[in-house]
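Okay, here we've got a single chain as structure tokens, the form predicted alone, with questions on binding and movement later.
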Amino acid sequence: MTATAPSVAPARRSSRWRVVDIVVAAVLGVATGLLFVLWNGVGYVWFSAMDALTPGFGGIAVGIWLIGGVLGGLIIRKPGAALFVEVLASVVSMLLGSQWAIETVYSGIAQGLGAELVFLLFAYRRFGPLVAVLAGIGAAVAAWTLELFTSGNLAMSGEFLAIYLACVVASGAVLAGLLGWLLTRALAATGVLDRFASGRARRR
């Protein structure tokens, strides 16, 4: 007679936030906000140079401003994490002197919601590179849509809007989505995410 190992039901992932989730999301938000502060100067110069070359090409520089939501969703893996991190990062950026003032926060809300909706579509159960790229694209489309009204882009030509959308989407996919996924994997490899599903998944 052979003994059989008892079957173990897979642990059900809870959508409730823990204290550690809040703390790490806050740290991510502040750190990303500091990155935004740096990019507000460097990225804007790049944006202006590309836009001078061909109107709309400046969108290539936008992706870094979208990365907070992607990182929040990939690391915390809880409803609201993408929005929380992106909005907090935008608030930090505004408080530290963003040239766009309160519009920085409006952008953070829109971009965070864009990324959040993608994670919601996958029921907060898939966090691979494809989902990360789609989250970056979601944030990009939300940013593009908001700028129709806050930046006066609604009055621009259809050609400009199409070029700008394509560039923002490409930038969001690479600089927010793919880069966000690679950063999450790099952090998980150090062991700092061991208390999160994102860290445990990397070890497996």
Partner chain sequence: MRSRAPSRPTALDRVNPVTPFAAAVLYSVPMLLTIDLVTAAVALGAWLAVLGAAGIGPRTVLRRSWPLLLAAPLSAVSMLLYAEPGGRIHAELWLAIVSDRSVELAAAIGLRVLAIGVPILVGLAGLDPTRLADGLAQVARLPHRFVLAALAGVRLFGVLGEDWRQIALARRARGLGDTGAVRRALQAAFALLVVALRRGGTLATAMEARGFGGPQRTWARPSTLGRADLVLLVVTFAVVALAIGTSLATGSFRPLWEGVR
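Positions refer to the first chain, counted from 1. Since this is a predicted model, take the numbers as computed values, not measurements.
Just so it is clear, the following notes concern the form predicted in complex with the partner chain, a form of the same protein that is not shown.
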item	value
Residue 97: touches the partner chain in the predicted complex, heavy atom cutoff 4.5 angstroms	yes
4.5 Å heavy atom contact, residue 166 to the partner chain in the predicted complex	no
Contact test in the predicted complex: residue 88 vs the partner chain, heavy atoms, 4.5 Å	yes
Any non-hydrogen atom of residue 42 within 4.5 angstroms of the partner chain in the predicted complex	no
Heavy atom contacts to the partner chain in the predicted complex at 4.5 Å, residues of 98 to 134 in sequence order	98, 99, 101, 102, 103, 106
